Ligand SMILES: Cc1cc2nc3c(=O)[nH]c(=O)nc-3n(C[C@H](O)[C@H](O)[C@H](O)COP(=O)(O)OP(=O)(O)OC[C@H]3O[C@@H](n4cnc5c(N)ncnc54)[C@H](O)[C@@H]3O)c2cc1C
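A single chain comes next, written as structure tokens; it is the form predicted alone.
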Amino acid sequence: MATSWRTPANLGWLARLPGLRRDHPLARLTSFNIGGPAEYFVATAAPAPLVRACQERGIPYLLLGAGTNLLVADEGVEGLVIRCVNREWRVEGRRVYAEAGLKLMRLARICADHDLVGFEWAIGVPGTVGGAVYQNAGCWDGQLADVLVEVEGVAPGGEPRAWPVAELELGYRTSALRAGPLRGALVTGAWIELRPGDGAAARRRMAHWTQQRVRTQPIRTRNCGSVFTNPPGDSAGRLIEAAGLKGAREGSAEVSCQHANFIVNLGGARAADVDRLIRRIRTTVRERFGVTLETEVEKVGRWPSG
């Protein structure tokens, strides 16, 4: 474990942070309800100064929103975990600005309430605006890249920035923030542009899609959402089911019998259980069908080397 950043000056700065907590449990802050503690933890509606300070001081940090799409290591997370609770929003004509901590489902309802359409798909994404930008979230043939105009945040070097969409390198469940030159950057907010339309009809569409999710996905269980991205021209869930892996278990982690691209925590599952199950799924699908599934869920924290 790296120790070079643990200087007296850095430890003193951390100790003085308002609301700082040591060894703070993270499991209950994730949709999986899995993972060890944060070495240092703070929740804030103003994350940018903390991110800049961590970058300047060389302190490792993790940005946490709704805790979806994350698998936190059993040994927890080194450095400072910053939970972003900035949730303000405003509507300016066809454009909507939302801070990074606002839930995407909430933003979908806000848009419909203002008779703006084209964002209804977001009712199926349980994460936050910041996380949605990070991985170009999408559902039901819609994705953030279709409506995103500009993103505000802090660059990896610590300077405030506004990024046009072209600089974000948005792809299928990825971006320059996740796998490109903007790794380590902070999203503080995003602008989307929609079409004027029938808000009541948009709310009906969202209600229909929500009912469909209840029928087809284990949304009332502890899970991280889709575990794997869909390979070109196919479905990860179909491949996993065809491989006979529905109901497969490692410890208290189980491949959902309702939708095979979900792993559920039956109660007391450890991150190592989920990791073993992911490896087992990938190996089996590759051996059966020659397809290597790529993970959508992201591992964070102190994982064993190798």
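In this text, residue numbers run from 1 along the sequence as written. Please read these numbers as outputs of a predicted model, since none were measured by experiment.
Beyond what is shown, the protein has a form predicted in complex with this ligand; the following relates to that form.
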property	result
One residue of 98, 187, 111, 80 in contact with this ligand, assessed in the predicted complex (non-hydrogen atom, 4.5 angstroms)	187
Touches this ligand in the predicted complex: residue 35 (any heavy atom, 4.5 Å)	no
This ligand contact at residue 168 in the predicted complex, heavy atom, 4.5 Å	no
Heavy atom of residue 59 within 4.5 Å of this ligand in the predicted complex	no
Residue contact check: residue 213 to this ligand in the predicted complex, 4.5 Å heavy atom	yes
Among 88-96, 112-120, 221-229, 199-207, the region lying within 4.5 Å of this ligand in the predicted complex by heavy atom distance	221-229
Interface residues of 35-70 toward this ligand, as seen in the predicted complex [heavy atoms, 4.5 Å]	62, 63, 64, 65, 66, 67, 68, 69, 70
